[in-house]
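We begin with a single chain expressed as structure tokens, specifically the form predicted on its own.
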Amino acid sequence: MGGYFSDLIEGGKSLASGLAVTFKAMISPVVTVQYPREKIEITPNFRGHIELTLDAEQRIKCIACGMCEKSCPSGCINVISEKKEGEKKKSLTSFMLNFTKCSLCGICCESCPADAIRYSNEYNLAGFTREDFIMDLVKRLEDKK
């Protein structure tokens, strides 16, 4: 009979300590977010895929020199440009990025003489095939406008 009451007391202590943990968790601040319904602030140092930048007149800064394509160790950048009639310099027609190959090393950003490439803050890229991650950055930039 003495074992019965000692087990009952031990069970009561265990229940009280469990309820204490639960109550402590109920009043502590929430540290998780309900992704994807809630979005979090991204730090400025986050490295998403690269993106093209615009100048003050909302034109693409890229001068289509191809330095980023040549310096990319992964070979994931393909710059396509053409020289239009009446213009002195080449104009960018397509800037293809194969994000499946990109190692986010940043050499393309450092080698750009026009400061036309930067890391984006886009962190929730999703796709069903590899082709979803081969993107034309010129088209993406025009879609954002």
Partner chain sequence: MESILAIFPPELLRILISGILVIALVFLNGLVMVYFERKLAGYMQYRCGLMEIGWQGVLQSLVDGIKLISKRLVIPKNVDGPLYRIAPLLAFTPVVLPFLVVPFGKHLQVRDLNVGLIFVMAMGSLNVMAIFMAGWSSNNKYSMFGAMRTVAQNIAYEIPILLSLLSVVLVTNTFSMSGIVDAQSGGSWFILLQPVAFLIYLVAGVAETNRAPFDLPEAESELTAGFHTEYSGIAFGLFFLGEYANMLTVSCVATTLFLGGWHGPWEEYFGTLWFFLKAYSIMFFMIWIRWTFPRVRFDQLMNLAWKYLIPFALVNLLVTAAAVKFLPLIFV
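Predicted model, so just to flag it, every value in this text is computed and none were measured. Numbering follows the first chain given and starts at 1.
Keep in mind that the form predicted together with the partner chain is missing from the display, and what follows is about it.
**Q** Want to guess which of 65-73, 32-40, 79-87, 98-106 is within 4.5 Å of the partner chain in the predicted bound form, heavy atoms only?
**A** That would be stretch 32-40.
**Q** If we define contact as a non-hydrogen atom of the residue within 4.5 angstroms of the partner, is Gly18 a contact of the partner chain in the predicted bound form?
**A** Yes, Gly18 is a contact residue.
**Q** Does any part of Thr22 reach within 4.5 Å of the partner chain in the predicted bound form? Heavy atoms only, please.
**A** Although the partner chain is absent here, Thr22 would touch it in the predicted bound form, with heavy atoms inside 4.5 Å.
**Q** At the 4.5 Å heavy atom threshold, is Ser28 in contact with the partner chain in the predicted bound form?
**A** Output for Ser28 is yes: heavy atoms within 4.5 Å of the partner chain.
**Q** Contact with the partner chain in the predicted bound form for Asp143, defined as at least one heavy atom pair within 4.5 Å: yes or no?
**A** Contact with the partner chain, no.
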